[in-house]
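Just one chain follows, in the form predicted alone, and it is written as structure tokens.
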């Protein structure tokens, strides 16, 4: 898995924009809003990839704030560092074992499009909850499979057929973008993920679907 993400790091953001028809920017905005971060606060972005959401969080907290982006792919981190910001730090690390991250040291924590790649979701959300302060937000943005007939038909054509072809053409890695629709099919249902968040120390867990159910945004709060 790590080697796959290393291989596609150079074209990762371009392909995300193309595959989502630019909607990924809107989805990221929704995730940032859900954190309820204020200027000067601290955010943690797990599975940060090349830093798209990380940079959005950094703009939210402003120059007096701080954002830490963590990813297990060395090439993704290197690509993220090519677009530096004074209030952003990137680290290579394991989202299920956050070495060097103190308990309650962030006001909010996020993970976008990465949860379905992590086998141990209890460990992931346990670490996310541990990292935020009491009253802090944990936000998860993830691709989903829509249920309505129109969007389900569109999804089947676009994600199951055109995305693997497009990804192979642009990235040169056919397997990586065939993996995408497979990983979405295998991911847990919305209610199950919400329950995982609750049993790992989060409360008031909600989820909302956007773009006809193509993505789901989850949010929970660490008890005060």
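Because the structure is a prediction, the values reported are computed rather than measured. Positions refer to the first chain, counted from 1.
Keep in mind that the form predicted together with a small molecule is missing from the display, and what follows is about it.
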| query | finding |
| --- | --- |
| Triple contact flag 144, 194 and 218 to the small molecule in the predicted complex, non-hydrogen atom at 4.5 angstroms | no |
| Contact residue in the predicted complex, from 47, 31, 37, 58 (heavy atom within 4.5 Å of the small molecule) | 47 |
| Stretch in contact in the predicted complex with the small molecule, which is absent here, among 82-90, 132-140, 69-77, 100-108 (heavy atoms within 4.5 Å) | 69-77 |
| Interface membership of residue 95, the small molecule in the predicted complex, 4.5 Å heavy atom rule | yes |
| Close approach of residue 123 to the small molecule in the predicted complex, 4.5 Å, heavy atom | no |
